[in-house]
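One chain comes next, on its own, written as structure tokens: the form predicted on its own.
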């Protein structure tokens, strides 16, 4: 099977680190711990890294002030799906390592909701893998989102926000 344009041929098994975070987390602290872990197990650190930190917006898509965003998930199934999505993207793009930290539970505006980091030998594969994985997390990961407003009312989010 031919390698798709823009992708690199699969290499060694990628190192995956997937975590669901029920409490607020510090993305840069999580990233530093991941770097230390990779340095301990990889002979040659990858030359490129792409990372994304996403935070909860202060308003709904309709412009209403947001008090909190709540993410529900099915334990076990969600982690397995995140692992499968990260593995598939890493294989397609030849990434050496992928880190995903994703919040669950109630998340306040401004708090980090997702951290994705991809390490690869070149910037193109790292960036493409990161972008693909972010879109997969947004559209394929089994999370159910509820927006809570300042008046205490809430509603389930029907779709995803655009890029």
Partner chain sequence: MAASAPVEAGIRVRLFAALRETAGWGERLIAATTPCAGTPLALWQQLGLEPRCQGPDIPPGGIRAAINKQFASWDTPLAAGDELAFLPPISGG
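Numbering follows the first chain given and starts at 1. In this text, all values refer to a predicted model and were calculated from it rather than measured experimentally.
FYI, the form predicted in complex with the partner chain isn't displayed, but the following is about it.
At least one heavy atom of residue 114 is located within 4.5 Å of the partner chain in the model of the complex. Among heavy atoms of residue 138, some come within 4.5 Å of the partner chain in the model of the complex. Remark: residue 19 does not count among the residues lining the partner chain in the model of the complex, judged by a heavy atom distance of 4.5 Å or less.
Looking at residue 128, you'd find every heavy atom of it more than 4.5 angstroms from the partner chain in the model of the complex.
Stretch 130-138 is the contacting one of 39-47, 104-112, 130-138, 22-30, since its residues have non-hydrogen atoms within 4.5 Å of the partner chain in the model of the complex.
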